[in-house]
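Just one chain follows, in the form predicted alone, and it is written as structure tokens.
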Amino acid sequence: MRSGIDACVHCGFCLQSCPTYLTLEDENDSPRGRVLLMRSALEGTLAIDDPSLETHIDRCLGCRACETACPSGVPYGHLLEATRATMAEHRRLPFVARLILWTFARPASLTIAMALSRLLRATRIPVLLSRLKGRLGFAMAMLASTERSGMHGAYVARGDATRGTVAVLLGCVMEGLLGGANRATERTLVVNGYSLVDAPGQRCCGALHAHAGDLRGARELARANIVAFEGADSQFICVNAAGCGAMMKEYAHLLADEPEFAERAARVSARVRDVSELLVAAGPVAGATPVDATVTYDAPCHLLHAQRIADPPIAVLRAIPGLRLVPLAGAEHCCGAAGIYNLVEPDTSNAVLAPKLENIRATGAELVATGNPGCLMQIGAGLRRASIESRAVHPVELLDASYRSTARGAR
């Protein structure tokens, strides 16, 4: 941790990339300000339970845009997680955060929670409550925004299976509330020449736990996934959720000090690919059915800044005939979702989201494409509450729609 902190020369290049600094206009809520706080805590001049440290570290979205801007290569994301892990030893997380982390760490509880969420969604109660102010209203709006996952009905995808085997991380929220995007992911991979392999026993990726400072929980989940995906023995591991992909690509870092898992983690991490990477490696195969829609693309932070993947999602969208792709101002900036941040820091989250929504409104786009469940729900809820006539979708859902009703296997 010391070497990472020492790498920061406080040049200030990070300031204009930091959503909390731009929103709150407080140097302590900038990356270099937080690094200075981390240094003070490490050197003992600031107590680890000091309220000012907690306030400004808690306010960080962990979007890692500062890493893209940093000329010195400061590993800010790792520093943030390590600092929050140390802070967690001296305090309790908010109740809502503890409840979510507890639920996501236990498959049975997660299954029940997602089933109940789908039942609640089916009652239309979330739509009615989505206009309420505060956390409840926004949470209901997020749930309501998942209602139309999947652009079209299913079809039988066919491909030549020449590009290798792929095991897909199903994910927690993706499979639980956005299953249509998962099915679209599987079909588009098949059309593009990949052969799917099951990975039974897979769990939550651990990203929510790591970002909250629960590194013990994150490591436990990472070990379970390593065992599961070792058993799958696929050439690639496909992830369609930016935050999960970033987490899995960093399993080697997370488990670097564990002799039994360090090398195994590195091998699993090396197989992880975002779905857009795999599709672009295959072309992607151009769609045959036009999708008559105006679409704008918002880059998930953990795809653009953590994984450094910028062009592949755009290439996926450009492979869709009839699609009109319009640029989005500030697409590189965070939407304010940041895992469970929007539930524990709602005021700052909403302030970060506000300019994003206005930029989307200005595009006039019918659809906003973004490849992360948190972003889909955050932006989807914001659009609904701001009465903007647009809807958030995963890019693969649009590609999947363009493959439907073609000679590649419609039914």
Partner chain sequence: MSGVTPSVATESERHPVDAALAARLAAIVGDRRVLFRPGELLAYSSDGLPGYLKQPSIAVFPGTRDEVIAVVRELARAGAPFVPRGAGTGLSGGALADGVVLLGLNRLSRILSIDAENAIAVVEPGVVNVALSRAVSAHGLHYAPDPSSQAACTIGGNVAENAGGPHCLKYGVTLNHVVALTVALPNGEVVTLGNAAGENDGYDLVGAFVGSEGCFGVALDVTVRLARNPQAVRTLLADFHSIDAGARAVSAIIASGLLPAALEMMDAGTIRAVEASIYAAGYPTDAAAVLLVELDGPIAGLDADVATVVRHCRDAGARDVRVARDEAERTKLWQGRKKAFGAMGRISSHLVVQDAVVPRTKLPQMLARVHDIAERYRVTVCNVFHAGDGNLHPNIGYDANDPDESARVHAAMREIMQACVDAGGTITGEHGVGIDKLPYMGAIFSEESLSAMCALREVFDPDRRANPGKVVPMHSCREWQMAPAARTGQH
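Here the structure is a predicted model, which is why all the values come from computation and not from measurement. Residue numbers count along the first chain shown, from 1.
Just so you know, the form predicted in complex with its partner chain exists too; it's not on screen, but the next bit is about it.
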property	result
Residue stretch of 24 to 32, 367 to 375, 351 to 359, 338 to 346 approaching its partner chain in the predicted complex, non-hydrogen atom distance within 4.5 Å	24 to 32
Option touching its partner chain, based on a heavy atom within 4.5 Å in the predicted complex, out of Arg216, Lys133, Arg308, Arg91	Arg308
Among the candidates Pro71, Pro200, Gly322, Pro327, the residue which, in the predicted complex, approaches its partner chain to within 4.5 Å (heavy atoms)	Pro71
Its partner chain in the predicted complex: contacted by all of Gly12, Leu15 and Leu46, heavy atom 4.5 Å	yes
Non-hydrogen atom contact Arg385 with its partner chain in the predicted complex at 4.5 angstroms	no
Distance check, Leu36 to its partner chain in the predicted complex, heavy atom within 4.5 Å	yes
Partner contact for Met1 in the predicted complex: its partner chain, 4.5 angstroms, heavy atom	no
Any non-hydrogen atom of Thr363 within 4.5 angstroms of its partner chain in the predicted complex	no
